[in-house]
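Let's start with one chain on its own, the form predicted alone, as structure tokens.
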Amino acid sequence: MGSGKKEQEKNSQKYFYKMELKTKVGLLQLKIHKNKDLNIKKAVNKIRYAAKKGAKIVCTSELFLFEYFCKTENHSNFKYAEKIPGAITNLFCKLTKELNIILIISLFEKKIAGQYYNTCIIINDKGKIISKYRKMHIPDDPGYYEKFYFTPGDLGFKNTKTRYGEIGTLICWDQWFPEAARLTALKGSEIIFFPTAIGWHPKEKKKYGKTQLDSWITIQKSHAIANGIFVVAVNRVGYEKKGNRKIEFWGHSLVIDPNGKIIAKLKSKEEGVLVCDIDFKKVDSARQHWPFLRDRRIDAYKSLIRNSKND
């Protein structure tokens, strides 16, 4: 009798995940300051605001506790790394349980001395960390010296079931790689969240700014269309300077539906909290009418694992 009841509850829980056909997501587009405590206080207030507006899944931008320290290579910046779990995650776990929401936050993780990751965690409505994703693609561009700080992710691509939908998380530079979005979608995700910190080098903005921003939006639309999935990108705003390195973060946090339509967005220079309705029936509809997942030819894709035609 007891074991039968447990099995019934287990099956009921599986079914429960499928019952939520709609949800609301909340995006925090914030200006990040040098003061960590101020950033935490602001994030907490905005998370509360998003929850009050009905958001059930709330996401921060990338590395929201600090100004973007990867503008330079400086060993002193390793002091910013956090243990997971740790004091910061404990704070946000408590908040998430209080508000009865799902929370996605991006942190600079210290696994052990000498091994650091750009990490995203999902906290459920019970205040428990239920998923950890470590950024797989690590950039190394002027002003984005992430290879100096981060070990490439070792946890693979993930899908996480929550009571408000199945969630995939990727981080910033990951959003330029179609393979990352496809593998996350194949895991079962209905929404991919991209905590992001991307912007213009001020000297390049006049010549390349519009093209760079358009490319960023286009690649995310393509992920949504090719995989029949919602895409949520959460970027910071503001002008940050370190030595002679300057970045103007371009905001434009947005939500894209499985047909590639932008259904909600924020402006480029303003802080804000964006709350948007998500209808999961659109995922089924898009995949039934545009059956890209059905028509893949995985038998012919072996060359994808080679670096070039000469390998």
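Numbering starts at 1 and runs along the sequence shown. Quick caveat, the model's predicted, so the values are computed rather than measured.
There is another form of this protein, the form predicted in complex with a further copy of the same chain, and it is not shown here; the text below is about that form.
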### Task
Check whether P178 has any heavy atom within 4.5 Å of a heavy atom of a further copy of the same chain in the predicted complex, and answer yes or no.
yes
### Query
Even though a further copy of the same chain is not shown here, does D141 get within 4.5 Å of it in the predicted complex, heavy atoms only?
yes
### Message
Contact with a further copy of the same chain in the predicted complex for P202, defined as at least one heavy atom pair within 4.5 Å: yes or no?
### Response
no
#### Entry: Heavy atom of Q212 within 4.5 Å of a further copy of the same chain in the predicted complex
yes
### Task
Could you tell me which of 229 to 237, 141 to 149, 80 to 88, 103 to 111 sits within 4.5 Å of a further copy of the same chain in the predicted complex, going by non-hydrogen atoms?
141 to 149
### Query
Going by heavy atoms, what in 222 to 239 lies within 4.5 angstroms of a further copy of the same chain in the predicted complex?
S222, I225, A226
